[in-house]
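First structure 1, then structure 2: two forms of the same chain, each alone, as structure tokens.
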Structure 1
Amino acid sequence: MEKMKQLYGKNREVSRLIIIIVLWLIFMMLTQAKKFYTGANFLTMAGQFPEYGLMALGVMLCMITGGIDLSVVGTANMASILAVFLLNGVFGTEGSMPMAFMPMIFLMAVALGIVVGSLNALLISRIKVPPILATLGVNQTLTGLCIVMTGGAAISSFPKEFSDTFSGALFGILPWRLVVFLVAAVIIWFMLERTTYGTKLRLYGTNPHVAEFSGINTNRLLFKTYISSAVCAALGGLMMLATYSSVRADYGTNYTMQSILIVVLGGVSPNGGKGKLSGVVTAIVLLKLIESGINRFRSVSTYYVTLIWGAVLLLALVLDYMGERPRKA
């Protein structure tokens, strides 16, 4: 019992989320067991959350610094649209893409992430634009570019080998989109917990001036952080392409709010300096379980899901604020 208390104290946010997950699973067992507890349903969930889960990983890094990245959806849509343009430009709309070309699509997404992340970091670190305004402006710019490039319409004519591959599963069990998410999560975990980057990131989020006076190159730290976030968002865009098998400028408009909700629920403080990957991943699992469970009830409209997420986000922010007050006092 004493060990359990110590474990709860060290991982309070994760422990709370796990308790909620268990309660939700019990509720679904009592109400919608036949529809919810199926292998197909869990495989579907595992294949759907990586697109916004990847965005949440990037938002987490930015929020630990005390900032935020609101350009993730614009970056994701730009990555998916550029991927389609690249495929059509090389192979034509009716052509076939060889598997050897697959790395080129990912390299394109990483390059886009570097450009967008550098622009965000430049505005924030050099020009001193507040992160919320800088990334919001970049998001609107990217969305506008996406509308111009697509004419505001969906594009579904392109070689489908990429979408078909990442709509499948490794060994028929593990969705390829989940594999991409897990690889990105492991890399970010290593950055946060096994390198000095994580220590610098949390120190900067706690007090930027102290971090600067301690000899940390804060500009380089912000560039690394916002580039990492944009790369995650671009990879999320490729997973969106695999999900929808088409691209459009306004896909995933609710993912920004979902990403912020996930990060806050996962125990990352909006004020910066605090946050762990384990909490964010647990929050992703919780939200997907709740969303999938709600969809099992025919009497509950899917339009209520966004309302629920908004209410939960407000509640999470209030609870975080209430939890921070005693520490500040």
Structure 2
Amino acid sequence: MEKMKQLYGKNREVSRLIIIIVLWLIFMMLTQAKKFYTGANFLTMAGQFPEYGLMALGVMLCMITGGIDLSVVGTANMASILAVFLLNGVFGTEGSMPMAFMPMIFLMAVALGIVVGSLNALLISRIKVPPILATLGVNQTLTGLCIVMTGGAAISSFPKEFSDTFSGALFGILPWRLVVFLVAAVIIWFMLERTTYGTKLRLYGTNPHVAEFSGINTNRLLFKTYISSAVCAALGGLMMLATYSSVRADYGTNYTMQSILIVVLGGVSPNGGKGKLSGVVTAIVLLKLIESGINRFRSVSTYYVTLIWGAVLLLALVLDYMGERPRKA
């Protein structure tokens, strides 16, 4: 018991989310057990969350620095559209793609991430533009370019080998999209907890000025962070391509707010300096469980999902507020 308490105290954000998850799972058990607790449903969920889950991972890194990345959706759509252009350019709209070409698509996504992330970081670190505005402007520009490239319409004729593969599952059970998410999550966990980058990132987020005086290469840190974020977003875009099997300039526009919501819910402070991967991953899972659960209720509009997300976010804030209030003023 004592140990449980300690664990709860140490990981308050995560523990709280897990409690909410358990309550929700019990609720679903009592009401929609047959529809919700099916293998197929869990597989679907596991296949769907990686697209915004990946974006949330990137936003998390940026928010730990005290910044934010609002360009994730623009980057994601740009990645998927570029992938389609690449495929159509090389193999033609009716052609087929050999599996050996697969890495090229990922390489392209990573390259895009590096370009976009560097641009964000350049504006933020060198020109000292507030991150919210820099990434907002970049997002707008990227979205604009996506519209120009696609003429605003959806493109769905291109070689489908990529999207077919990634909408499927490894050994028929582990969705490929989940695999990509897990790989990214493990890499980010390693960066945060097992390399000096994590310590530097959190210290920078606590106080950038002191970081400068301590000899941290703050510019390099910001480049690394915003590039990681953009690469995650670009991978998220590829996952979207797999899900929809088509591309459009305005897919996933909700994902910006959604990923910020996830990150905050996961216990990352928007003022920077604080945040753990475990919290964010738990928040991603929670949101997906709620969304999917609500969809099981025929009579409830799917639009209630956003309402519940907002309510959960406010609830987490209020719980935090009650927990942190000093006893004696």
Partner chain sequence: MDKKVKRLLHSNEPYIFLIILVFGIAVQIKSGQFFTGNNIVDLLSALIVPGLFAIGEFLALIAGGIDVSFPALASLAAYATTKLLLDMDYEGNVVAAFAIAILIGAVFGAVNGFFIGYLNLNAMIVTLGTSSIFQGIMQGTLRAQQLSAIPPGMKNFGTTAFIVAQNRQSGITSVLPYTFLILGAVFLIIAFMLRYTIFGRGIYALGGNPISAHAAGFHVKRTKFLMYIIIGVIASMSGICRVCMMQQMHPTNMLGMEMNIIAGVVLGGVALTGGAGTMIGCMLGTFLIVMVQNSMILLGIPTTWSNVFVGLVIVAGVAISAYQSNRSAKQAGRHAKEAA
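Throughout, rigid core stands for the largest set of C-alpha atoms superposing within 1.5 Å between the two forms. For residue numbers, the reference is structure 1: its sequence is counted from 1. Values in this document were obtained by computation on a predicted structure and should not be read as measured data.
Colleague: Return 1 or 2 according to which structure is the form predicted together with its partner chain.
Modeller: Answer is structure 2, the other one does not fit.
Colleague: Aligning on the core only, does the CA of Leu25 end up 2 angstroms or more away between the two structures?
Modeller: For Leu25, whose C-alpha is compared between the two structures after core superposition, the shift is less than 2 Å.
Colleague: Superposing on the core, what C-alpha displacement does Ala311 show between the two structures, in angstrom?
Modeller: Displacement of the C-alpha, rigid core superposed: 4.0 Å.
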